[in-house]
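Same protein, same chain, two forms; see structure 1 and structure 2 below, as structure tokens.
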Structure 1
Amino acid sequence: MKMTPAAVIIGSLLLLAAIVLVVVYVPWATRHDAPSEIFRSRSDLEAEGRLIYIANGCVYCHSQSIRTIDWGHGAERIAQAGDYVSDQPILLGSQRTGPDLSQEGGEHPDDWHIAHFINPRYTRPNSIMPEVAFLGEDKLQALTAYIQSLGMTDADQRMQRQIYWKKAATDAYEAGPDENVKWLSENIPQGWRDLPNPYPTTDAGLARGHLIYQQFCIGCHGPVGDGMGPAQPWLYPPPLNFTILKNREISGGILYYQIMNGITGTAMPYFKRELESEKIWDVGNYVAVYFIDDSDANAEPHGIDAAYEPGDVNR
């Protein structure tokens, strides 16, 4: 066959038709219209927030789809076609410059999201997300409602848990420091309460803890650990003031558990998916030494030291 203009045009049209058939028509013809088991319709406020999400280009940095290869993101559920039956357009997204949001609803209470939108560095000190405070209070509330709907009925269950524990956390905070610390400690399993920090307070360990504190904690708890970080005006109950914990039997295990698991109902998130074990112990040591001034690091009961640790070769 000669490469004539007609052959080029006809060949190009056939190639385009094949692409449209495979990429457009076949997915449309085989589309899945049945709602998934978590599907629910959105409220008017959530729908308004979705339009704000679209208008401000949030989809350019946030995906809303977890695939089978994405377990490393810590997802609890793989996205299903039936999750998106009412979405036009579907906001799957292709970039994860920010975290995936497909199951974001109920991961944090509302006030955390408001502080985050006012300035993302308040809640995530290393965030590169732009501020959206310019949207104003009403639009921020709508955007928050939309984010809290992501995950649908699963998100609703998480939100119920947030609301339940926010009331308990607020009551404890308003009862005063003694009751607040007692409530926080009593909601930690006994085994963790009895566990000292197994890592010694070396200069290197405290330096690592300082860096982790700056990267994850300073926006809420502040540079001196008094709970007066820049996020504080938008959060209630406010971030914990570590300095009130001195002489209150706060073990390394208590600090570890709360950093690892967060405090649901408050703005304190869990870090179990972001910080490996040693980093949690190191930042716990940093908080205990510099803000509480009461550390049980490397105390008994004492097991076998990790290989890199300085000290007695027989331990």
Structure 2
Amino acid sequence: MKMTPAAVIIGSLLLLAAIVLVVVYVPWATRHDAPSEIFRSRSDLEAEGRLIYIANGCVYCHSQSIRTIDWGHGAERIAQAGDYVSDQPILLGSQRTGPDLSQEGGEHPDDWHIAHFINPRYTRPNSIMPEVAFLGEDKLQALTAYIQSLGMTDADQRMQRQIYWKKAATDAYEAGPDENVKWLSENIPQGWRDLPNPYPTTDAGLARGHLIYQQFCIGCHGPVGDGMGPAQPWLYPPPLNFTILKNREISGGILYYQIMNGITGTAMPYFKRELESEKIWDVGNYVAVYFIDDSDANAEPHGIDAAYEPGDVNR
């Protein structure tokens, strides 16, 4: 074959044109732009927040693309083409340095996001996300509105739940510690409230609890458990001061349930995705022993001991 300039230039341009036709134009021409069942359009504030998201390159660390194999945030809802019909540009992302945000809306109340944006290590001590406080209050509001819209109508439902319980939690908090603790406990199923921590306190268990506390809780509840972690100024109701819980009938079951399930409406997140059962018991008992100074670990009734537990072989 003789390679003339025309053969090289025109030939390769023609090939490119044919390929663009097949792999770009045809998918475009045959696209289905019917919105999916969770689709809704964005408010002005949310759209403004999206521009801030784009300008600051959040997309390099966060995908918005839930796959069939995913477990984390949003795994309940695999992405569909109809979710993206108003996205210009689409922000699928290519790295998950941080979690997928497709269904982030309503995972947390607004105050959690503001504290997190001011400095991610306030709410998430091990985070490597950079701080975004430089945006200033207005832009942070817009960005938060956008984040809370991710997941569209699914997110709206979660947000309604957050707002509903935020009011209840705020009322309880403002009624003073007695009322607040009563409110916190009374929303927990009775079975959990009656349940003592079935495992004994051990040095190893406390050491594990300490580590988990530092990695997950310290930014809010603070190093001495008084609720004065660095996130505190941005959260309302503020993180619980554990030292007020003494003599208020806080069982191991209550602590376990609250840590596992979180308290929707407050900044207290659920940890059931991140901590396995033993870790939740360990951190709960760490809180009980060191901050509440009152632990029911290993109290009756506790069933047959797990194989490795110290103590009486007949129990």
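Between two forms, the rigid core is defined as the largest C-alpha subset superposing within 1.5 Å. Here, a residue number simply tells you its place in the sequence of structure 1, counted from 1. Model, not experiment: these values are computed from the prediction.
Here the chain coming from the form predicted alone is structure 1, while structure 2 comes from the other form. Residue 238 shows a C-alpha shift below 2 Å between structures 1 and 2 [criterion: core-superposed Cα displacement of 2 Å].
Relative to the superposed rigid core, the position of the CA of residue 74 differs between structures 1 and 2 by 2 Å or more. Core-aligned CA deviation for residue 301 between structures 1 and 2: less than 2 Å.
The two forms, fitted on their core, place the C-alpha of residue 25 3.7 Å apart, compared between structures 1 and 2.
With the core fitted, the CA of residue 14 sits 8.0 Å away from its counterpart between structures 1 and 2.
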